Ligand code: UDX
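Okay, so here's just one chain, in structure tokens, the form predicted on its own.
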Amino acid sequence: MSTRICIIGTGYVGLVTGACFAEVGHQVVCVDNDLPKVALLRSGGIPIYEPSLEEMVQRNTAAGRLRFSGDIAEGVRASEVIFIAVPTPPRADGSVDMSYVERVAREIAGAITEHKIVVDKSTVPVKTGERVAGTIRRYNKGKIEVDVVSNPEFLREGCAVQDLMHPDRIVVGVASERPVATMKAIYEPFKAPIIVTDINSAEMIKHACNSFLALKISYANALAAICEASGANVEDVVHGMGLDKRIGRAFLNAGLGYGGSCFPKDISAFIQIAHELGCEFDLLKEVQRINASQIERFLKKIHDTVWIVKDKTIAVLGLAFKPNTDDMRSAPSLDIIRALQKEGARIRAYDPKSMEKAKEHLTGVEYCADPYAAAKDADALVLCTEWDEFRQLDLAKLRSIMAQPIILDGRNLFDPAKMKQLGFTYKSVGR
């Protein structure tokens, strides 16, 4: 059954959600107040790199199932269900800036003339659903009834389309049974378990999930430090752990730590939420500390290996915070490059997708056409993002063009024994 849907916000979550809803047959209008972005989307372009997304947007736009608008009121009036997918950026104290959500709730209130279902898709603090419902009641002059639903997203950048088309589960938080049938109908084509809870529990599930995944990453990184000190291999340790069905292998990867827009923000928010509720979440504070220390430990590894970085040419492969995205938000590469530049190093960099966005964050970097151009005559090479392209590097060629065959691998891409055999000074994490 096709549902008329409005998505407010065309960032990662909103655009992917809208495209995937259209892909399964719903009629979708995506609304954004960034009019140049709306024009780009209407022309068939997209403002982000996400595998399969551009083709899906173009296919569904051509089929008439997906369109773009800069007018919230028009989108609201044309739809049965309205998804809020606007940014929820962090404040300086770690709490969440909810002004975008509040503003959208007011605009929805001013536009509705009949019953609507309003769905919080953005990652929001617990009790936001209550506040959105209250805001709509306050600003809707006609006192039209709405049902507010919490429907958190669980998308990973780089495989967001795959995650939405084939979800592990769908969480729907409601205050009454009235919107449940419609929400189930929207998600029926995705063939996934639907968990119906109260709104507060649904909002809590999102923060609990992201914080636990970040905890696994920090746990692996804490293990890596102990493995380096003891002569153990963290890859073997986490492999042995991951075969235990109670633990699992996912997110047990030692490296430079987590970045991106979600984990840093959501963990800070969850710590602040707990604090405001009178529950200090010290475990998550330690997760943050371990994550921050990974960059410091890796910079020390660079200094211990290269010694003086002033006037040295350092090649950096990988800029985005993870592969298959161009997202530079909280990317570990930023802290590493800025620290090396501060000490006088010359930086050459290459990333398959994120170099244009990196220019918004970094100055004084020479961006190169391929990994070999970045590595030519370099005194050391630092690997920050585990793109598949880097796994296929011609290592013998790399060895021959570098001024010094030094590789500092922040993502454990290569086999240490092979790298030694090829003549590299090779340092990785936890091995």
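For clarity, every value in this text was computed on a predicted model and none was experimentally measured. For every residue, the number given is its place in the sequence shown, counted from 1.
This protein has a second form, the form predicted in complex with uridine-5'-diphosphate-xylopyranose (UDX), left out of what is shown; the following refers to that one.
- The chain is drawn here without uridine-5'-diphosphate-xylopyranose (UDX); in the model of the complex, the stretch among 98-106, 182-190, 257-265, 77-85 whose residues come within 4.5 Å of it by any heavy atom is 257-265.
- Of the listed positions (E203, D351, E157, D120), a single one reaches within 4.5 angstroms of uridine-5'-diphosphate-xylopyranose (UDX) by any non-hydrogen atom in the model of the complex, namely E157.
- The listed set N140, Q272, Q288, N210 contains one residue whose heavy atoms approach uridine-5'-diphosphate-xylopyranose (UDX) in the model of the complex to within 4.5 Å, identified as N210.
- In the model of the complex, uridine-5'-diphosphate-xylopyranose (UDX) sits beyond 4.5 Å of every heavy atom of Y219.
- Contact between K322 and uridine-5'-diphosphate-xylopyranose (UDX) in the model of the complex is found at the 4.5 Å heavy atom cutoff.
- Mapping the unseen interface onto this chain, I136 falls outside it, with no heavy atom inside 4.5 Å of uridine-5'-diphosphate-xylopyranose (UDX) in the model of the complex.
- Using a 4.5 angstroms threshold between heavy atoms, N253 counts as touching uridine-5'-diphosphate-xylopyranose (UDX) in the model of the complex.
- Shown here without uridine-5'-diphosphate-xylopyranose (UDX), the chain has only R411 in 392-423 lying with a heavy atom within 4.5 Å of that partner in the model of the complex.
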